[in-house]
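In the block that follows, a single chain appears as structure tokens, in the form predicted alone.
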Amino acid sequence: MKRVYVYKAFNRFWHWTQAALILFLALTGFEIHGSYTFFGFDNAVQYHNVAAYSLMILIVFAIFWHFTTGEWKQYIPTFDNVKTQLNYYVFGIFKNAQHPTKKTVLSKLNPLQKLTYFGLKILVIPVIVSSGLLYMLYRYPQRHGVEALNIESLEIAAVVHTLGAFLLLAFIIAHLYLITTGEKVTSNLKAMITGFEEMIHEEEKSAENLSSQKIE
């Protein structure tokens, strides 16, 4: 095994900042829905909006980083070995089976992760952002005498936004479980904190060779 620098500084910053913002949005969002009282409704709405704009700014920077560094290629979906990977998570992992996918610097995600992250970035996040913006920026006809959108209410946008939020929370719950499936329970967590992860030496060597070939 060799200690390899897998997750770069911005990758880790984006990951943890996004996680914090999403959890804060969930906290304030549930209060807005009346699930409990903590900040107070007016404050919860204000904090939720600020966190939402902060997340959108972070998303813009993340998109720029992914495309300028080529990291977007990590999320190209594939259906190869998806069934095998799913079987590992459901059954194999409890029988100490060997992981069916080997992680490298150039391929950090297994087939199931690629499909999940692709769906998250192409469907779930855009739905949440667009419905949230519609909800925040919609001008009701009685406000300033301006009619912005020819819809009677924002009920549909609110329902879609809430549905997207629950899908995102489901992803986070699954993500929290999956981070415990590394070589050790804390392996993946430490990797996302330090950027370094233990990898098989031969695999890393081949990844470095492939990277040098691309540079040449």
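Numbers for residues come from their place in the sequence shown, where the first is 1. The structure displayed is predicted, hence computed values, not measured ones.
Form predicted together with a small molecule: not shown, discussed below.
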item	value
Stretch in contact in the predicted bound form with the small molecule, which is absent here, among 186 to 194, 173 to 181, 32 to 40, 61 to 69 (heavy atoms within 4.5 Å)	32 to 40
Candidate spot Tyr7, Lys108 and Met199, all three touching the small molecule in the predicted bound form (heavy atom, 4.5 Å)	no
Position in contact with the small molecule when the complex is considered in the predicted bound form, options Met136, Ile93, Leu120, Val82, heavy atoms within 4.5 Å	Met136
4.5 angstroms heavy atom contact with the small molecule in the predicted bound form for Leu86	no
Proximity of Leu115 to the small molecule in the predicted bound form, heavy atoms at 4.5 Å	no
